[in-house]
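We begin with a single chain expressed as structure tokens, specifically the form predicted on its own.
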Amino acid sequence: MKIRGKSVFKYQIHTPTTVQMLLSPRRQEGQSVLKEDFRIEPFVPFFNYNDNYGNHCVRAVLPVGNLTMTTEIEVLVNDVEIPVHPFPPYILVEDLPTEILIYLSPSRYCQSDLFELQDLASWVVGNAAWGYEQVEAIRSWIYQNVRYEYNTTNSTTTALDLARQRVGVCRDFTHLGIALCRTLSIPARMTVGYLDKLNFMDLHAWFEAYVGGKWYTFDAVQSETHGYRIVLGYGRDAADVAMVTQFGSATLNSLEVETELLEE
């Protein structure tokens, strides 16, 4: 399926501000980029680079004044893969590929080394079979027990915070899912991008877990994981996949996001 994504960031820049932006789609299996247009108005020179996770990023120095950054992309993607029984099994840590191990460790927003989260994960998965079934139990529990509501969390909210307060947005749902997976020694990573048919249209976050020798998608905001997605980036948590990271004084005045499914 072909999906179009568009995001428009409008900023007021108070002092010359260096920014790093993660707004370009990944080139990878199952995702073919057909069109991509990124522009800054008024014009500002920028350059592209790949970060440590292979995400395609942009750097620029934004001048003082009002400024608009627009990204428009068209991508050919597959629907989310949902396996059938027998479900993908747990992989022993000693058998994991070396490059996957980074997604087992605690990170800034996903404190999987805390006993409180470890106890919660054990209770949530119960007698589920090790591997995919455990992750799906975690995803389903978050959907059923955490309320989605804007302006209830902020950039400091962690997985532990969400486990206690039970209200947040997609970023928070994702952090909790990742942390609970990691407490069970299941590698999990944060994914950001576009999703069609979001109830609250925005750039979206979900998580992926490594079971059965590959990554599978899990979205705790949905009753069941589904939909066509454009992946922009992967990371350990939100600290690695911020859409815009700024080093200076700038105010985001608005963000508009659109998606549209197109005929192939």
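We number the residues from 1 along the sequence you see. All values derive from a computational prediction rather than experimental measurement.
There is another form of the same protein, the form predicted in complex with a further copy of the same chain; it is not shown, and what comes next is about it.
Student: Looking at 126-134, 108-116, 144-152, 172-180, which lies within 4.5 angstroms of a further copy of the same chain in the predicted bound form, counting heavy atoms?
Tutor: Correct option: 108-116.
Student: Heavy atom to heavy atom, is Ser122 within 4.5 Å of a further copy of the same chain in the predicted bound form?
Tutor: Answer no; every heavy atom of Ser122 is more than 4.5 Å from a further copy of the same chain in the predicted bound form.
Student: Closest heavy atom of Gln31 to a further copy of the same chain in the predicted bound form, within 4.5 Å or not?
Tutor: Although a further copy of the same chain is absent here, Gln31 would touch it in the predicted bound form, with heavy atoms inside 4.5 Å.
Student: Please determine whether Asp196 contacts a further copy of the same chain in the predicted bound form, using a 4.5 Å cut-off between heavy atoms.
Tutor: It does not: once a further copy of the same chain is placed as it appears in the predicted bound form, Asp196 has no heavy atom within 4.5 Å of it.
Student: Hey, in the predicted bound form, does Val64 get a heavy atom within 4.5 angstroms of a further copy of the same chain?
Tutor: Flag for Val64 set to no.
Student: Along 35-71, which positions have a non-hydrogen atom within 4.5 Å of a further copy of the same chain in the predicted bound form?
Tutor: Contacting residues: Lys35, Glu36, Asp37, Phe38, Phe43, Phe46, Phe47, Asn48, Tyr49, Asn50, Asn52, Tyr53, His56, Arg59, Val61.
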